[in-house]
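What follows is one chain in structure tokens, specifically the form predicted alone.
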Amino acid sequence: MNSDFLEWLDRQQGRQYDLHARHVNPVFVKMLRTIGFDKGYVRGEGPYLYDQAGNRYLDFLTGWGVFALGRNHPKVRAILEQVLSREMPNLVRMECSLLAGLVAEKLTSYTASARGAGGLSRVFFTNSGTESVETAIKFARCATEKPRILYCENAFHGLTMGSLSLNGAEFFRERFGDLMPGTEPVKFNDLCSLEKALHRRDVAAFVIEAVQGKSCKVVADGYLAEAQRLCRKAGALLVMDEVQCGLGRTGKWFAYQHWPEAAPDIVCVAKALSGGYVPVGAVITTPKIMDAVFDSMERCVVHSNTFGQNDLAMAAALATLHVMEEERIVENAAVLGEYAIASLAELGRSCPFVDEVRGKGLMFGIDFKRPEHSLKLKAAWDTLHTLNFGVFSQMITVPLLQEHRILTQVAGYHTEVIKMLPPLNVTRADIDRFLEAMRSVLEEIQRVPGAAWSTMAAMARGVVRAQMESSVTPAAR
């Protein structure tokens, strides 16, 4: 199979959904087929995906933000191919990786101004965003010798048990038993709520996304600086989860840098750092915090992982950062993000279902609501919601894919928010294509009765039937 692997793989095309239904996650397959997202993509290039028929789809989901440089960026791929051909001494463990040192040097060059002298100048490498958050929890507790961790309502920090304990959506937490003790939510953008939670002075860290991944809500101007002051006063650390909103996504290297007075103690990254090739994450912190964890030769590996500094991950990260500099990716995200959000907000003003357009840079979303005035539109909204809450959002994502070949996704479960995460090197032409498609979809959902409502009602009934079937026990069948 080695010599003809790609030919063999081509012959397997079309089997993926049946294979996943049998061996991986049959419910996920059922969901894809129900909403018509089972396209069978066979190739990805830049901002586009291609199916077997050669149809081209604009990817505004980007693997939940992984493909910030688009898919299969040639410069990143070329560097990985060179590393593979070099027969490097990978993961010796009792040694220091040159590549890891170079990535750490490059990453901290973007955070050096934070916290003054020394700054955020130390890096611990992980394999994912959720592992970065888990690491931040451990580091904060070790450095402060305090037990509690605060997080925001509606936050998303990952799905392993520690990061899940900081998850603001009950949907993800339910049925998994007792989570990590000592965690507590506070209201997003509410300093009074934060101050009250900090008053016992037993908090190790406050973990927050500057732009929330599940809602695209943005921290208010001045909030981070005051949150930082409150944390310092209480002896707690400020942790920025920039797994999704960091590395250029919002038009700055890190989202917290939109507010120069903010100086976090720990920054968590992942996703885009991979270049879309090899999983990699990182925790960027201060010498004081890192030295509190690794405070003796005996404890020099008290926190570790197996693959965190592997050569392919480090090469992918280093290549990604260099490409972002060379191609001025961050600047592009700033300019086109501002254009996209302003243009989308203008479209939303003409649609009674649109509540708000919000976000930062090329991380933005639309929040939908029950119309306030039209009795016909209110009745249509209510009828659809009696069948299945959240299915209204699919009235946007499904036609965007089926009619306009643009891939998007509902931002969270039991929400009415559609989130867009275009590649950061997206072009103005691609943004305009998306805006024209969105204009068409928003106009269509205002036609009641209409094809969009009939299709979604049928889909909602199908979802209800599928849920009822899956809830029947094997004995009852």
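In this text, residue numbers run from 1 along the sequence as written. Quantities reported herein were computed from a predicted structural model and do not represent experimental measurements.
Omitted here: the form predicted in complex with a small molecule. The next part is about that form.
- Only one of 337, 168, 352, 158 lies close to the small molecule in the predicted bound form, with a heavy atom inside 4.5 Å, and it is 158.
- Of the listed positions (343, 183, 402, 128), a single one reaches within 4.5 angstroms of the small molecule by any non-hydrogen atom in the predicted bound form, namely 128.
- The small molecule is not shown here, and in the predicted bound form it never comes within 4.5 Å of any heavy atom of residue 205.
- Residue contact check for residue 243: one or more of its heavy atoms lie within 4.5 Å of the small molecule in the predicted bound form.
- Under a 4.5 angstroms non-hydrogen atom cutoff, the small molecule in the predicted bound form lacks residue 265 among its neighbouring residues.
- Screening 84-92, 150-158, 292-300, 329-337 for residues having heavy atoms within 4.5 Å of the small molecule in the predicted bound form returns a single hit, 150-158.
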